[in-house]
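Each of two forms of one protein chain follows alone as structure tokens, named structure 1 and structure 2.
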Structure 1
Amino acid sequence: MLNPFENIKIPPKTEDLIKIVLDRIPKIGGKNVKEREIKRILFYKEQLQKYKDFVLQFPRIDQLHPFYRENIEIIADIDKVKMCLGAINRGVQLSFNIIERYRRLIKSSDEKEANRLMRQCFGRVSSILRSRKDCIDWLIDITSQLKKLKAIDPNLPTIIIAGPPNVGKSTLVSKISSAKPEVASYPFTTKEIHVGHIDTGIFKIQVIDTPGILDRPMSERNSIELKAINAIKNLNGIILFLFDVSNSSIYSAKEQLDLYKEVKSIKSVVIPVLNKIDDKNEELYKQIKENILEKVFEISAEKSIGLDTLLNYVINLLQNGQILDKRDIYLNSG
């Protein structure tokens, strides 16, 4: 699914749009004075159409995939977005009405009055825009940010790789992806997310790591990070939780197990995976393994050990649709 914000054409900000009109007006001529002034106000109308198109292109928030809705919520108040869309729409409509009224006035006016009427029209429309400047400019900024959300497709079956920092998440993404993973920026983390794909020949799977998201205890999280977890929750897939069982692990067995327990509450299927098995620390390995009741996979992402077994298991689950959360597929209205 295409990012529903990706194709929105970003209009100029309020003062920039007014300036475009102001700069252009002296250059617009006509067969006579009245025609010239009408052409000038119609040029303003043409520019305002950019705001109208902007509002029209904005996806219907209630129909957005929850993954995108959560992403909006991280950077903006959804009620404010709706309010601003309405305010811009009404402002444009009001301006169109004013322009139409002045067009008729100029048409039936004295030639000497035409220029004054055009300037009056310009002033009135500009003040309508300026009274909505906060909304217009804010929504333009928000949309510019949302346009950048690429690479993650919330409708693809997804393998989400979680675990503390440095356990090998991004290494695993790159090892199991068919091509070089893309690097994506999302409002829910300051770190870059790696997004790869696996083509099973029957369907495509997306694989992402989650730096800065599912990597530390919930109690240490702020509200934005909690929303980030909601965004991840809304992805259609399963979590592979990576443990580091190597000699170089910076986390104890308890720290890793505590986080694993928390992550298990996020998605229905969380598969425990012991990584760095090529450099196994027997004590750490034993402590972790003893405390997990579920089926455990042992891999070395770096040395490509155990990856096929793990992948076959995951693909099988995805193929049988066992792990997909039973929820509607949200349609992109954009």
Structure 2
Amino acid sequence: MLNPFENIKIPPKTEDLIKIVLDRIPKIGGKNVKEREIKRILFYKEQLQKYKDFVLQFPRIDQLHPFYRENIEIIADIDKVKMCLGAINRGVQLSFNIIERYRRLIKSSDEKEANRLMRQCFGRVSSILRSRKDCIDWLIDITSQLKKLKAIDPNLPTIIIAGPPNVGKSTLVSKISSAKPEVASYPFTTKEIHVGHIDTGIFKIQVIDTPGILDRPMSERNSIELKAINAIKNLNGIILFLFDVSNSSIYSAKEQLDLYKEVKSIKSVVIPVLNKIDDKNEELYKQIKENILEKVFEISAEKSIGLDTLLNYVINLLQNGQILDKRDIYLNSG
């Protein structure tokens, strides 16, 4: 499944489009004055079609998968998006009507009036565009961001890697899948969703590297964290929640456990994974492990310790889910 915004053609912004027309008009000729001026206003109409196509290519928001719909909500007001789509569409249609009216006027007028009528048409259409400039330019910026989203198929068996920033999520994703996200030693290295795949030979698994989440109220989370929450909440699959139990961990046991409990309240299938086990802080390790009732996996993503055991367990869960449910819903309940 493609990112539903991927194939939208981004038109020029308002003033850029008007400038394209202004620069082109003097170069447009015709067999006579009337034909020349008609061709000039029809060129404007051709350029306006880019806005018409932009609106038509924009997916119906109410029909989007919740994951993609929430991606809009993270960066924009959905009601404003709908309002701007409508405003652009009405503006283009009004402009088309004006151009058609002036085309008929030029055709039926005295040749001496043709250039004046063309300039009058140009001015009226440009005024309509400029009255909608804020909407047009804003929606172009929003759509440009949405086009950059990774293509995620909500129907594929999915492993979602979650946890605080800088606990080894990207390293784990790069070790078990085809994805090669940036890995660095500072928080919020991952600012976007990254997608990799595992081919088991029987079925394909989607592996998603999510940005880190901090233990704080939802209202205080930034747009990077909200992208992770969106993936956890709206994509069917298994969550691997990574704890950092190393000597270099910047998070307390309480902070990590509180975040783990929050993720569990959002999604029913959450597997706790203690990472950086090769450099474990015994006290931190003990505090975290004794507060988890579920089956715990211990790994070092960097050193590839325990990865085969973890991956085989998860693949078996996904495969059993696939066999039990032919509608491509995997392990939607514990």
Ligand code: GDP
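The model shown is predicted, which means the values in this text are computed figures rather than measured ones. Only the largest set of C-alpha atoms that superpose within 1.5 Å between the two forms is called the rigid core. Structure 1's sequence is the ruler for residue numbers, which start at 1.
Quiz prompt | Of structures 1 and 2, the form predicted together with the named molecule | solution = Structure 1, which is the form predicted together with the named molecule, differs in this respect from structure 2.
Quiz item: Does N115 move its CA by 2 angstroms or more between the two structures when the core is aligned?
Solution: Comparing forms between the two structures, the N115 CA shifts below 2 Å.
Quiz item: Would you say R104 moves between the two structures, meaning its CA shifts by 2 Å or more once the core is fitted?
Solution: No, the C-alpha position differs by under 2 Å between the two structures.
Practice problem: Please check if Q49 moves between the two structures, taking a CA shift of 2 Å or more relative to the superposed core as movement. | Solution: No.
Practice problem: Report, to one decimal in Å, how far the Cα of L310 moves between the two structures once the rigid core is superposed. | Solution: For L310, the alpha-carbon shift amounts to 2.6 Å.
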